[in-house]
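As a starting point, one isolated chain is supplied in structure tokens, in the form predicted on its own.
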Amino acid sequence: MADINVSTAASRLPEPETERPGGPAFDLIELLFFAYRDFIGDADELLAKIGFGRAHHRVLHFVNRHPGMRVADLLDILKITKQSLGRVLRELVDDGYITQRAGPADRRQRLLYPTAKGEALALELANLQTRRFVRALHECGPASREAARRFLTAMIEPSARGEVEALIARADQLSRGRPR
């Protein structure tokens, strides 16, 4: 995807040979590929029925989790260009899943909110993916959720972990105050 803003984080990672004798961790790479394929595939099926794709899912997910977020913040989270977001966001707004409002202090700001229709779709997609997580965590046994959280957090660039954890914590706190 040409619209992704890529950092040079990969250049700061340890060399594969020093981490794993015998070269690249092909087994983990492939397991992650297949796990992601199946994890996102559940949502892809539902999205395809309404003419949406993964980009729509990502935008709707974060707008639903962070109602009132600025477009600039969404661009920063997704690491995509304004042009790429523009098309997807326009479709979500035109189809009634997201609304845009001017900021209260700065009218130039565009704040994004899910509509009731958007919240319902975001929740349906999250429930599909949650079922897959629940099954996998059940198969892995006790304490697997915390181990999975630690692993996924460790996969994030160290300099971004605090920001990601704070983002998730804010969304969790917001969602506790919203009816579902």
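Computed from a predicted model, the values in this text were never measured in an experiment. Heads up: residue numbers just count along the shown sequence, starting at 1.
Below: the form predicted in complex with the DNA, not depicted.
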#### Entry: Any non-hydrogen atom of Thr99 within 4.5 angstroms of the DNA in the predicted complex
no
Practice task
Using the partner position in the predicted complex, report whether Ala122 sits within 4.5 Å of the DNA, counting heavy atoms only.
Solution key: no
Quiz item: Does the 4.5 Å heavy atom contact test between Ile77 and the DNA in the predicted complex come out positive?
Solution: no
Under a 4.5 Å heavy atom criterion, is His138 part of the interface with the DNA in the predicted complex?
no
Hey, with the DNA in the predicted complex, do Arg58, Val71 and Arg90 all fall inside the 4.5 Å heavy atom range?
yes
In contact with the DNA in the predicted complex (heavy atoms, 4.5 Å), from 138-146, 34-42, 49-57, 113-121, is stretch 49-57
Applying a 4.5 angstroms cut-off on non-hydrogen atoms, the residues of 98-115 near the DNA in the predicted complex are Gln100, Ala105, Asp106, Arg107, Arg108, Gln109, Arg110
